[in-house]
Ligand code: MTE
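Okay, so here's just one chain, in structure tokens, the form predicted alone.
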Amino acid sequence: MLIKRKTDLTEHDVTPFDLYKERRRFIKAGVAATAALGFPWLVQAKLTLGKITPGPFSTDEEKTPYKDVTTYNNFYEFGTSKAEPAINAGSLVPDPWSVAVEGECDKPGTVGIEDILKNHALEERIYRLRCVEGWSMVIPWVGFPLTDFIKRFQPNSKAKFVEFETLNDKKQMPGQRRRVLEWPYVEGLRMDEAMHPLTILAVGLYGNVLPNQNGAPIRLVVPWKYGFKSIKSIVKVRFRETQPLSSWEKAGPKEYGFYSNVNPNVDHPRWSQRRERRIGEFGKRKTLMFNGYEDQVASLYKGMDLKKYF
């Protein structure tokens, strides 16, 4: 039996959508049966979102069905196949929840999820999501600009980057018992990327709170970057003077760069990024530069060699 080490297993080594759908047919009856017993991820969370207003930058493309958005996921903390997060994420307890903010800022502190929901105006933003392995979705996120959250803690002049960290708890996240990656999961953005109005912290989708498998109760969404940059179930935010080392970059630095911008002209070393498959569609479509957000974000990388800083 072949056992893959963390440096061998990549986001591309997961269940294709067609095979995933066949597997789901077999587990559907079992999931339905356990629902009657109170299967945790099928129970509505206690958190409520309140008023949601339409936000800017939304695409008018057809939205990916809720059932696919919530059952076809990359979330290695709950398993490496696409179906496993929805099946295994019931062990996550998203309420109570808090986020610690530290590093190069004048007002470090810890805030609870209820405080976050109470003090930030929520918007629905329909964004494209493009994953590095070649599939995409269109998701109606509920959230608020990351810049609004950042300003609460007053980062100082040394803060050039923002680092994010996912919960590290093997009981709640059984996938962390496997050494697929080095836990906890870590991601980062340059400060101007973090402060860009497209970048949001999401607390819901399709008008409801985030399901556990989608990153409950709070996650990052950076729509012009590959999906793995949008870190889930955040428990820590750190302002840094130096560039953080993200988890996939650490696991495969020649394959997963810090910036990870969607770029059809820069292939992954083992597959092309020129085309993608929208979940629910037959065939493939052309990948758009910066995932279709070129007009909004290209200026962030003016003068940079995007093949070097991939």
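Counting begins at 1, following the sequence as shown. Model, not experiment: these values are computed from the prediction.
Below, we turn to the form predicted in complex with the ligand, even though it does not appear here.
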Worksheet entry | All of Thr147, Pro155 and Arg238 with a heavy atom within 4.5 Å of the ligand in the predicted bound form | no
Discussion item. Just to confirm the contact call: exactly one of 120-128, 90-98, 190-198, 220-228 touches the ligand in the predicted bound form at a 4.5 Å heavy atom cutoff, so which is it?
Written reply: 220-228
Discussion item. Taking the ligand as it sits in the predicted bound form, is Trp135 near enough to touch it, meaning that at least one heavy atom pair lies within 4.5 angstroms?
Written reply: yes
Item to complete: At a 4.5 angstroms cut-off on non-hydrogen atoms, which residues of 184-211 are near the ligand in the predicted bound form? List them in order.
Response: Tyr185
